[in-house]
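Before any questions on binding or motion, here is one chain by itself as structure tokens, the form predicted alone.
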């Protein structure tokens, strides 16, 4: 890293220096490392995971490093490489370091085999019910993205190099979870980190083109949403995608939320949601992706079996009979 970092980056690190040192020492100590993140991944989860993975590969080529979890329906392999498939033998004995990023709760970790690790690190920006890595955790609930926190940790690691590839992954993470720097969680520190990542010289234009690339079929999904959305009396916009509609549009339940931000700049709309039927036999429900201009929606998300951040959260309902009550909870924020 360069000798002198911006004060926003060095000042941010000060309260966490003890934890930073634990993280540095653990990565140096273990020859076998696996990076974990949450299931149903987004830009932040996958970008942060890949940023950590690439950084360790670049600076410690002698170490065995892996990344695991479910693939994304459209990000892989278009934007991110397909995640590795490790057999159970690799995890036996527990002589490895688990680095868990962008996930607050045990049940949300995409691969439960992190539990076998001899030492665990967690870096996150979500509220958590129970600690995953009590010996080494950096959690800042005010940060725009887990990638922002990880970038600060790595930028402050003296004598180590942040490559263009690692920086690009972390930049994708930050852009994705900050809503392209438009969410209220974006701070001076967010921009300072982004600037340092850009200094590595990765192709910014190509990065954005790949992140937000659409297909002709995706236009049909947008057309459906624009023809079928509803708005509550106090400005809660939402659209519903039953399984039969998903099949007609040739999308998965996970892809159903991809058009949720079409309502972000519409006057009179305060909150917007996608409501998508998920027919997984193990967890049938209607998954809801929620976004907000100003109000904190996370308490309502928690009430309805989900969680997240003030302006970006997720929830679920058992069936559409519960939808009116859910929309009313959001509507009441503005009554």
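All figures in this text were calculated on a predicted structure; none of them were measured in a lab. Numbering follows the first chain given and starts at 1.
Form predicted together with a small molecule: not shown, discussed below.
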_Partner-contacting position among 113, 72, 189, 126 - heavy atom within 4.5 Å of the small molecule in the model of the complex_ = 126
*Of 23, 327, 317, 312, which residue is found within 4.5 angstroms of the small molecule in the model of the complex when only non-hydrogen atoms are counted?*
312
*Thinking of the small molecule in the model of the complex, which stretch from 24-32, 62-70, 265-273, 301-309 has heavy atoms inside 4.5 Å of it?*
301-309
*Even though the small molecule is not shown here, does residue 292 get within 4.5 Å of it in the model of the complex, heavy atoms only?*
no
*With a 4.5 Å heavy atom cut-off, would you call residue 257 a contact of the small molecule in the model of the complex?*
yes
*Does residue 120 make contact with the small molecule in the model of the complex, using a 4.5 Å heavy atom cut-off?*
no
